[in-house]
Ligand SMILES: Cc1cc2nc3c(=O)[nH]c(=O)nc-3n(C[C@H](O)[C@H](O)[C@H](O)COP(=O)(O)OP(=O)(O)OC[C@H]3O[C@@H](n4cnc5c(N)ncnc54)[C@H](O)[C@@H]3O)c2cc1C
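Presented below, as structure tokens, is a lone chain in the form predicted alone.
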Amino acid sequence: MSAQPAGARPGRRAVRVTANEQLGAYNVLRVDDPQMGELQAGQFAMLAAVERWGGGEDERPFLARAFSVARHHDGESSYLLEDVGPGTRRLCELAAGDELWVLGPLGSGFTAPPQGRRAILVGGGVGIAPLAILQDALSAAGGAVSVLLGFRDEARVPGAGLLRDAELATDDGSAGHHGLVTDLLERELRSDPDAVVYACGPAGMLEGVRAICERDGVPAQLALEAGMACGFGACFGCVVPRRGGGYLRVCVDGPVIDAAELDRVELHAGAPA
């Protein structure tokens, strides 16, 4: 789980899509990207289609979209996408052989738990993506890992296939626990208060995780999601308030931020990228 050396950031590059696989309401976009190199679980990349990346009568270009790297193996990177607007719709349309602009890896990722402490991974919706590569890294290191995933409805439940051995919660009761994934987290922490929590998902879920962990004195690392214009700290478009004053830039101070640094998780910080 080591990161890129300080200051090292591969430039924007055009890569080839190798596959676009349907996973319920989601798409898993796979790209040939050997320049991604070694990255830390939780880091992200800015993505934009090489062709037809714009909308309206004058085809004004969209901003690149930020997506967590879900996996990177043998030079191939994977991203979990959901069609929530014109930009993500264009990315979901890409097929094998199409080109994609990639800038990354960017940001700071997760830190492994102390030796002997179990990691509890808590994900919601499309936010489960960085937990897949984190599960791979922690399992490879021999650590104990539990996975709790929450989805809105039956159409999104297949997204759980991105990870292994996940316990599920759904808003509509279509799979697993009928309710919030934070209900499962509270149960797990009652049986193992020494665990370390890692979470990514919508703002409401992240705020629930943060509040539970603060109440119980459990360390937690939250991967925040925010709309970004640049991805490397220049635009200050993704700032969140820091406990004690000041702000954190999700793109460079995060996206993974220690829950103790936040008074709360605001709505825009959990909005889908």
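Keep in mind that what you see is a predicted model, and the values were worked out from it rather than measured. All residue numbers are counted from 1 along the displayed sequence.
Another form, the form predicted together with the named molecule, is not on view; read the next lines as being about it.
- Figure note: of the listed segments 175 to 183, 189 to 197, 123 to 131, 141 to 149, the one touching the named molecule in the model of the complex, with heavy atoms no more than 4.5 Å away, is 123 to 131.
- For the chain shown alone, Ala226 is a contact residue for the named molecule in the model of the complex, at least one non-hydrogen atom being within 4.5 angstroms.
- Looking at Leu80, you'd find a heavy atom of it within 4.5 angstroms of the named molecule in the model of the complex.
- At a distance threshold of 4.5 angstroms between non-hydrogen atoms, Val31 is out of contact with the named molecule in the model of the complex.
- Proximity of Gly87 to the named molecule in the model of the complex falls within the 4.5 Å heavy atom cutoff.
- Between the named molecule and the residues Ala41, Cys213, Ala66, Met36, the one pair within 4.5 Å by heavy atoms in the model of the complex involves Ala66.
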